[in-house]
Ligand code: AHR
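One chain comes next, on its own, written as structure tokens: the form predicted alone.
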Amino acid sequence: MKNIFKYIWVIAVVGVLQVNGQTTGKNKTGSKKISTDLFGIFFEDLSYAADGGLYAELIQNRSFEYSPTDRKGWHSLSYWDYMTDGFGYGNISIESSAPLNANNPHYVLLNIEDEGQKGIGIVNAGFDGIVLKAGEQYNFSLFAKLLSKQPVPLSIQFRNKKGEILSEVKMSIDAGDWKKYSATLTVKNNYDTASLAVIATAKGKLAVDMISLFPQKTFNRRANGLRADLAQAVAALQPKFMRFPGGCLVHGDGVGNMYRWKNTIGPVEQRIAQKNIWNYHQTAGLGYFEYFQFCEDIGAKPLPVVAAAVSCQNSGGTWRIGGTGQKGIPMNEMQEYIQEVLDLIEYANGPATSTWGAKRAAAGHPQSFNLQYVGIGNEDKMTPEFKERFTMIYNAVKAKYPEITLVGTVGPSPDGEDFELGWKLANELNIPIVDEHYYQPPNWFLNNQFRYDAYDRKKSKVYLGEYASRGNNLFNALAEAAYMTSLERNGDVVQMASYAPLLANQSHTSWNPNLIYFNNTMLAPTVNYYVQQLFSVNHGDTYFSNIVSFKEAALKDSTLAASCVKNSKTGDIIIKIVNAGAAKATADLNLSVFGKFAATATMQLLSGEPDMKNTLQNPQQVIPKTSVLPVKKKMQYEVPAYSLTVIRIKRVL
């Protein structure tokens, strides 16, 4: 791999000749099989993508576990207000002497000495306000423990900004040990900035924890579920796989901050919350069970990624500037960590009678999740410590679960020392797939469309796990589209690809660009999103060369690109044509190899001015437009400037 770019000029010529009608190493029809898992998604909890985003929990700091470790200035009562507006008197405190669970040590002690006219309690406005929809139901719950002799009545209220009660239910805390209490609330009108109040209306003392609120209409109406509109937007991509839970989140900010999957399963009140490497808090409410379940719900193969027993090389410092550096799990703890990785596979695939399969079954899923892929490591620096630990994990998983396809890593860049050393390790171990990452300007994608033509077909396959052209304008998206045609052309080497990151809360964005921006009330799929969708929905399993050529000199114009695939399940022929340039172009289509096909095709066109983008203020400024296109064996198509065209042709049997 060290000299891969030495031959790029040769490959570029070969690649362009192929686009312009020459067969290069294919059979007589110019066809070859390509990966059926090519286009998928990558989810990481950054920019409040999970808590405050995809995870539908509406209460922030529900278990009082926020701390200055998460973010400077935070504490256990962050985002909670103590309310005594009816002349009540008492006090609240954070305690940890007798918690609900040792994994969730902090709780609120509420001491009501005089309830006054309206009671006293605590109020939470969620993540920048709680959004309520008219007529919909919301599931409230909390754990509480009575510490006084007489039961303490509670009023659970939705309130507006003025403190007016929008909806109310009542319950009584009557148990001397921790007990879960639940209720359902509804509202008559829509509210964007409501809050939830938990108000004690009589004298007494009680402990409360895990105060939770979910809309009943989560995605697929799952308990502990996902925000429906965001999840549906992800599902609409029709991803073939989903990589989770990161990213840099996986190996964490230091060894003690690694993402440990066992901490994220079981009852939510027993899960271990911790600091997020992106400098906020993760509740682990969206945990491994929910990830696997979401994959199943949207028809995506799960691709969990575990740390290679080392932390991020940027631990303790500003992102990509540096800090304390990469740290490894002590060698005397490695066997325990390796077992943790093996247990993950048993959790996903093992029978319900196995130790970890039983835990999956107890969560409501006795059947296997049919795990096929497991990633080890993420953008790691190729130190001796990494190589030793990675090799130990890799060999152990390969020995016990040879049916699992393992995905390695070759650093954070498309070239350089870590990239070369990562590929060297991949060659030594015969790793089935390696994970490449790169964030580059759009012209890089236009100028590197023949990158994978040069790859050795006998060596490791590639998962392009993270990539983006550093912008959400139409030109950025078209540069990515041109590059994606090359991923299809090289779909025998590139097994999977996923744009990154996926989701970003507009008010808490820690990385740009992203695929979908959102706030509490709406979302804005970017132009890049529609490019990803057009490729994923219109995927194929066989690639055909010699189908599209351009009258313009493609050798001089890297803004033109095309691909042609066939979907064997439907028989459809799918042509994608990209023009990322300012002038229209002419494409010649030769469909003779396909025999009989319908006289018209469905055409989807994404086009506009290069600086156009979708925003929350104008979420549909640039979207694909569908029309009907007459087709024949040999034809010309005038390709608009700054456009992606997808032509889908039905074959006639």
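Start at 1 with the first residue shown and count on from there. The model shown is predicted, which means the values in this text are computed figures rather than measured ones.
Only in words, not in the display: the form predicted together with this ligand, which the text now covers.
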Which of 285-293, 193-201, 537-545, 371-379 lines the interface with this ligand in the model of the complex (heavy atom within 4.5 Å)
371-379
How about Cys248 - does it come within 4.5 Å of this ligand in the model of the complex, if we only consider non-hydrogen atoms?
yes
Residue contact check: Lys359 to this ligand in the model of the complex, 4.5 Å heavy atom
no
In the model of the complex, is there a heavy atom of this ligand that lies within 4.5 Å of any heavy atom of Arg159, even though the partner is absent here?
no
Does the 4.5 Å heavy atom contact test between Leu46 and this ligand in the model of the complex come out positive?
yes
Looking at Trp261, Tyr394, Trp511, Tyr530, which is the one with a non-hydrogen atom within 4.5 Å of this ligand in the model of the complex?
Trp511
Would you mind picking the one in Tyr337, Phe419, Trp278, Phe143 that has a heavy atom within 4.5 Å of this ligand in the model of the complex?
Trp278
From first to last in sequence, which residues of 455-494 have any non-hydrogen atom within 4.5 angstroms of this ligand in the model of the complex?
Glu466
